[in-house]
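What follows is one chain in structure tokens, specifically the form predicted alone.
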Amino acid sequence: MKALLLAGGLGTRLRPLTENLPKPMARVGNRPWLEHLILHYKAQGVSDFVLAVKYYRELIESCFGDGSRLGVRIEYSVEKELLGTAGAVKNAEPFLDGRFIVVNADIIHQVDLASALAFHERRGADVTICLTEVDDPSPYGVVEQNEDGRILRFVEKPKKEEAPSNRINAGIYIMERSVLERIPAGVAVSIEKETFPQWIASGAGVYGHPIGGYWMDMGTKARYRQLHWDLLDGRFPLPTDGEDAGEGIWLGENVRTGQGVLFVPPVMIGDDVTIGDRAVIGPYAVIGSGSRIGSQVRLSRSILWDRCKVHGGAQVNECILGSGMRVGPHILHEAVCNRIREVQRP
């Protein structure tokens, strides 16, 4: 069975971080999320992947190649024009056979795949939509089901008190290949807004299965930060690189610290990082590999990607810095930066 990972979207809500980067390649815990995702499904027995790509496809292809680095097999379905989620699935039809999994690659999640597959088989479903439960479903399309799990309809953005449930589409689907015949070729189609409602109305076997576990749409900067705080707090049990130094501190290889450096947990430091004298790092700090942090820097509640440089005396708080950013010896607060390489704040 293959997993089709939809990785061709723009990621506009995370700009400027994703200005020149596919959204699934955004770093989570100092590694591209797409790599975490492939390894998560590999651990559950999936060894064949199809990556649906379009924007900045070369970055994904150069990172993963044929998949051998991760011990899997990867093929690429390339969209010449943006086709929407259903169109991307249809475009990948030549790579798919039998039953397959479709995953929105920019959704942060952990799924018990065996449980979802068992449900799919018991129901004899054409499609099983994995569902997640949220406290407030009003910003989402909410699922109404019968007692057997068949989806009766989606209610789009209802008032909280009027929602038929607190279950929403988690962006993970188990499909039989026969359903591909129902998707038009070569046109942009949304699987969430068009395809699924049409199939449900026609009486197709569309079921929903709650997955439990961690789920997060990292589509906004606030959610992207919260994802990392959840990771550091252990609410998102993602395997991470580096040595657990205890008390909420994770250190990569070849981390060099000057005199009087203070780590205020939780903190995650990548490989080959240098931190100058009397710097205070944390709480809630993630520093990417190859970064250089100067003396007397104060860095908290911030996420730095690889190869960042923070000059001595700088104060960095509530910031997300893309790869290769440089911060002068000033105060940087509540910033999200990627395109501008030099940041100077008075």
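The structure presented is a predicted model; accordingly, all values stated were derived computationally and were not measured. Note that the rigid core is defined as the largest set of C-alphas that superpose within 1.5 Å between two forms. When you see a residue number, it is the position in the sequence shown, counting from 1.
Omitted here: the form predicted in complex with a small molecule. The next part is about that form.
Of the listed positions (L96, I249, I107, V179), a single one reaches within 4.5 angstroms of the small molecule by any non-hydrogen atom in the predicted bound form, namely I107.
The partner is absent here, but in the predicted bound form a heavy atom of V53, alone among A314, I320, V53, I293, sits within 4.5 Å of the small molecule.
Proximity to the small molecule in the predicted bound form, taken as heavy atoms within 4.5 Å, picks out 76-84 from the listed stretches 76-84, 200-208, 119-127, 145-153.
Although the partner is absent here, G9 is a contact residue: one of its heavy atoms lies within 4.5 angstroms of the small molecule in the predicted bound form.
The small molecule is not shown here, and in the predicted bound form it never comes within 4.5 Å of any heavy atom of P266.
Among heavy atoms of E192, some come within 4.5 Å of the small molecule in the predicted bound form.
In the predicted bound form, the small molecule lies farther than 4.5 Å from every heavy atom of R256. Superposition of the core reveals a Cα shift of less than 2 Å for S178 between this form and the one not shown. Once the rigid core is used as the reference frame, the Cα position of P139 differs between this form and the one not shown by 2 Å or more.
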